[in-house]
Each structure stands twice: as structure tokens, then as C-alpha cells.
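Quick heads-up: it's one chain on its own, the form predicted alone, in C-alpha cells.
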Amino acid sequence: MRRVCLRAVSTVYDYIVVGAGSSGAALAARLSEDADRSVLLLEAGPDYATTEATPHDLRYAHRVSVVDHDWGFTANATPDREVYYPRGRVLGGSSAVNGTLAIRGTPEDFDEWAALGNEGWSWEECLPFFRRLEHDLDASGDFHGTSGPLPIVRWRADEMRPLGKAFIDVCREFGFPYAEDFNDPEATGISPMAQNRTADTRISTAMAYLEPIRNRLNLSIRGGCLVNRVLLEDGRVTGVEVDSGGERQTVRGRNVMLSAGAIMSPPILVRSGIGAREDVEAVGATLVRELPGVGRNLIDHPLCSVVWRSKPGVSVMPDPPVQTMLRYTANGGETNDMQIYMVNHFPGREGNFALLPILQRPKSRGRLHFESAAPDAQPRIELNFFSDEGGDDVRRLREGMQLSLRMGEHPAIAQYAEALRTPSSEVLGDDAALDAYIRANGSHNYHPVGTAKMGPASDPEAVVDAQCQVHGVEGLRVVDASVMPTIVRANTNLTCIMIGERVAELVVGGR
């Protein structure tokens, strides 16, 4: 058995932030605004200090990066079907590899968080932090910020490719309103996509929050640092144990913030002795704080596409893959509980376009299983899609796919198609067959949340309180997508950044 020698770093930091993704980068940047507060930001992936030094796959806004800077995870979408599950492993986290879609959740999402016992997380209380993070180049007024670090733009009419233009026209003919701005709290209908980019450059939180402040002497940023566990004494945080450069080291800190994401923050908790007893024992750790909700309540947005083979020259690089999105309410659903993207092409698989329905308010819940003590081992990810009692998740996706077919058959879109590829028109016309197709082919939108749920101590599944402090552990917080008690009706990146901004304000205010 190999012996691991621990080397201690003598510096004691005020705050150690674990994970430099959407939430962690924003959190570290805001905490370090006070020069008397020392902050260490640890990232498992590489650290590219400038935009110029950043590889092309991270800079290019119109292609999701799922190879060079990825954890290589897989997940079970259903119990018998495995899918690829990309997560960014680099400074900026998934904000550095994603599709740059910059959409907020609805007011109802955040009001629900507050109603679940999370004081301070209502829409009215979260809005100032959405405003603080953004530099909106197209919209202004009470709902928008114009001086934040993250630029947000929308596709102009003269930039729109033919399929995007056609989709807007067809949606309006189908009776959906046109929305100038999806980040208006009352917006619904068809709209050009808002994105965090400038021209063709993806602006990650590494670029927006960290690159401009690297001169701060009280902020240390370290890439290639994989955190094994949090160190605890008498119920209080004292630091973290880190693998760096092939050596295991301990770093002391008065406060630790886990921002490693909904998939990797929970394993750190479990290896630290925090979680369900059976999970902690499974990885060989000693139980410190029993919190059965760690790794439970996993939620993602299920999706399934209707794909056409396009005519030559229609679905090609370097056209942007997504420029338009429909936001609508399913029959019997909740406000804006569905999205449909017009996918101009699939990067790497040109020659096809798709209408892609995505369920925003799924009822199914998954979980993580912890099977290894190794800090680089992924947990077993069970999305448990379409497991809700009554089958409402499948029904809403089925109706979204059938709506997509009707839209795709409209002459404005059909003129660009050679043929329907998948599923067949026979399957799309048969509810039972289409339900079976969705169960066999439905996937996810790269939006895992909820695995360290925020809620009061009276909630047996809650892991953190409304200040994102881990229940019963002093000095330890989780600050990332893990804490969302329910998933927002939107792409999750902006909400994760907002969480970082919000918790930084709580810390500065002494809460």
C-alpha cells in the first residue's frame, strides 16, 4: 500500500474557494475586493492566465468544448442507458466550454426557493445580483445591468441565418409572441438567443472575473489542484487536503467554499465525512456530520430532438449552431416549462438541422452514488429521467416533439429540408411509440443541479442553509449549482454566477 506524505502550506488563508467555475470565479473575485481578506482559489484543471493564452476550443463561442478540457464523465440517463456527461475542467469551469446561452430563470423559480424556507433568495432579492454580474450591450432599464464583468449580447436580424429567421416567423404564425429580451421577467415566446460572448469569443468567468484582477496580492489562483477533502476539527473547518503536482498537501484556511459543481462538490463532502452514513463508509471515511441529502435531489433538463437532413449549404460551419429559442408553457404545465431550440447544425455533423424540445420543470429526480475514495474518480451519476409517477415528463416532451414536427413541416422551414431523419413520421404520430422513443433516446442539457440542496434544518434532505453554510459545520459553505433546491427554467450558467455573487455579498455582510 502506497504511503502518502502530507506537506503543509504555512499560510493560513481567510477563504479557500474550491473550484473556479461559474460560481467559484465570481465568488473569489468579489471576496478579494477587500485587500485585507486573503483568498486562495483552487482549480483542478489548467489555468490560462490571459485570453490570448487560452486555447481555441475555449475561446470559440459557437462550439461546445467536450474533449480537451472535460472531466470525461458518463451518466445513466435511465437505469439501462449510459450517456456522455460533459463538465468543464479548466479555470472558468463549464462557463469556459458551454454554449454561452445567457438566460435567467423565471421569477417563479426564485420565489419558490424562498417559499421552501430560504430567506433572501426570492426573485426580488436575487435580481440585484443578476444586474451586478452583467454588462448587457442590448438592453437596459430596471431589469438589467450595464457595468458588470460579463458581456451579454443578442443576435441581430442581419446576423440571423436562414433557419433562425424561418423559426421566428413560424413561431409567430403558430401564435407565440415575439420576445425582444428573454431576461425580462415576463418574457415568453420566440426570441433571439442572449449569449455571454463578444463577436465569436466565449467570455467565461475566468475571462470576465479573474483575468482583470490577477494583480491583487491578496488573491492566489492555482490550477492543477485537485481537492481531496475538507479538514475539520471539533466541527469546524481548518483547511483542505489537495493533490498538486503529484504531491498531497494540506492548506489551512479559516473558511472553505466548495464550488466544484453539482457533480464534484458532493464527493468532497463525503470524503470529508459529511453525508449519508452509508456513503461516507463506502469511501472509507469517518462520519463527521450525517446529512443524508448529499448527492440526492439531482436534477437536469431532459431533451429529445426531431432531426431533418438539410439541403446542401444550409447546415454548415462556421454558422452558429443555435441562434433562436422558443419559450412556452406545456398543456397542463407551469409557466415557461418548455423550450425549443432551432439547431442550425450539429458541430462536427453538418448536414442536419433539428428542433430540440427541452423540459424545464422535470418532476423526476436522480442521485449520485459514491464508490471510490480517489479524488479524481467520478461518482456514479443516475439521472433517473422519466421516472416521475404519472409520466408527465415524457408527456410534455412528446407534445414538444409533435409540435416541433408541425413547425418543421411549415413551408418556411420545410424548404430547407431534404427529408425527416429521426424519429420517423410514423413514430411521431403514435403517442405510445413516441413515448418509447423518448425513453430510449432522451438525453440531458448539461445542467446538473440540486445535489447539496439549500433548505432549513427541518428539511431532512437539506445540506446547506440559506447562507449556503453546511448544516452543523462551522466555516464550510457550498456555493454552486449543488445548492439549487429546484432547477430553474433556463440554462443554469447565469444562475450559478448569480449564486457566487449573492453568497459573496452575504459573507461581506457577516452572514
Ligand SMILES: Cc1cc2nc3c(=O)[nH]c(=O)nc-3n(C[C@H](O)[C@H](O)[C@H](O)COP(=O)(O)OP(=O)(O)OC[C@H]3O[C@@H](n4cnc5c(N)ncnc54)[C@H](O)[C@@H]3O)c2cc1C
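Residue indices: 1-based, along the sequence shown. Quick caveat, the model's predicted, so the values are computed rather than measured.
The protein also exists as the form predicted in complex with the named molecule; that form is not presented, and the subsequent description refers to it.
- Residue-level contacts in the model of the complex: of 298, 304, 171, 226, one residue has a heavy atom within 4.5 Å of the named molecule, and it is 226.
- Put simply, of 266, 88, 362, 357 only one has a heavy atom within 4.5 Å of the named molecule in the model of the complex, and it is 88.
- With the named molecule omitted here, the record of contacts in the model of the complex names 96-104 of 96-104, 396-404, 409-417, 147-155, defined by a heavy atom within 4.5 Å.
- Of the heavy atoms in residue 64, some are within 4.5 Å of the named molecule in the model of the complex.
- Residue contact with the named molecule in the model of the complex: residue 204 places no heavy atom within 4.5 Å of it.
- At least one heavy atom of residue 71 is located within 4.5 Å of the named molecule in the model of the complex.
- For residue 464, no non-hydrogen atom is located within 4.5 Å of the named molecule in the model of the complex, even though that partner is not displayed.
- Contacts to the named molecule in the model of the complex (heavy atom within 4.5 Å) from stretch 442-456: 446, 447.
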